[in-house]
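In the form predicted on its own, a lone chain appears below as structure tokens.
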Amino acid sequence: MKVHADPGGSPPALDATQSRFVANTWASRASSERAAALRFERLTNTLRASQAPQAVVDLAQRAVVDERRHIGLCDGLAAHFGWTDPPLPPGPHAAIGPPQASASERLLYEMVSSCCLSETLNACMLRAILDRALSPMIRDTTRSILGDEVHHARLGWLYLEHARHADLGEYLGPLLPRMLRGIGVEHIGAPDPPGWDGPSLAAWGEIDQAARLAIFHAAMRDVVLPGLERVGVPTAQGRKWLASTTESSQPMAPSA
């Protein structure tokens, strides 16, 4: 099977192996979007029950709708590039946070981890796809999802500001290494598979290991940690952990 350049675009044709790489990427993204839809649905209910500001609840509810739409977009691209298996089930989406923490602390931990960290990183990864992809259909889909991910990151930052006004959140400082390890470092640091052709695949929106690592470090160092510092969350331990990893090697594995 060969997937040819989109009308109006100029990416090189993909061979069967390269098409599988691209199909697998979008099938995996659809799995992540399924998990995100379920997570945001649960968080919407939890935020409403905890009497979070209505603006926060509204953004969470909007995120559920967004993620469901993203599932269709990602499944559609996966099928276009040759995915014929059943859709991948949702990835992990259970509540996260230290078991010993209070319910309000666990909610804050999940909002910061899932939105301030993960959604900010997602937006940075999607921005990188836009910077290198030549395929119009991939660019259009990426641009559509990117706009939503920015709102999902904003949801976390808005809730964190609300929590800080209630004098909550300083306890997150020592937990930042755990958070940083927990936002998908296995995928970020995964080696490029055999047969990887970086320049050709980049034109179809694929990001190689070195680029993923660089984006991860830049997003955490230049966006997330300064954002936490602006609202008074101590980041020394997070910065120490980040400095102990490098942009050219796999980040440390997540804790159990």
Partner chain sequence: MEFKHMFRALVLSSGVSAAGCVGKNVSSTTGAAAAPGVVEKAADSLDGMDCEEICDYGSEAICPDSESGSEGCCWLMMSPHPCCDFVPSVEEPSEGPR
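Keep in mind that what you see is a predicted model, and the values were worked out from it rather than measured. Residue numbers count along the first chain shown, from 1.
Note that the form predicted in complex with its partner chain isn't included here; everything after this is about it.
S.K.: Looking at 72 to 80, 86 to 94, 177 to 185, 115 to 123, which lies within 4.5 angstroms of its partner chain in the model of the complex, counting heavy atoms?
M.R.: Only one stretch passes the 4.5 Å heavy-atom test: 115 to 123.
S.K.: Can you work out whether its partner chain is within 4.5 angstroms of a heavy atom in all three of 130, 221 and 226 in the model of the complex?
M.R.: Looking in the model of the complex, the three residues 130, 221 and 226 all sit within 4.5 Å of its partner chain (heavy atoms).
S.K.: Since exactly one of 190, 65, 49, 214 fits, which has a heavy atom within 4.5 Å of its partner chain in the model of the complex?
M.R.: Going through each option in turn, the one that passes is 214.
S.K.: Identify which of 137, 163, 107, 146 has a heavy atom within 4.5 Å of its partner chain in the model of the complex; exactly one of them does.
M.R.: Selected option: 146.
S.K.: Any chance residue 230 has a heavy atom within 4.5 Å of its partner chain in the model of the complex?
M.R.: So residue 230 counts as contacting its partner chain.
S.K.: Just checking whether residue 43 would be counted as a contact of its partner chain in the model of the complex - the rule being heavy atoms within 4.5 angstroms.
M.R.: Output for residue 43 is no: heavy atoms all beyond 4.5 Å of its partner chain.
S.K.: When the contact criterion is heavy atoms within 4.5 Å, does residue 60 count as touching its partner chain in the model of the complex?
M.R.: Close contact is absent here: in the model of the complex, residue 60 is far from its partner chain, nothing within 4.5 Å, heavy atoms only.
S.K.: Residue 153 near its partner chain in the model of the complex, any heavy atom under 4.5 Å?
M.R.: Residue 153 belongs to the contact set for its partner chain.
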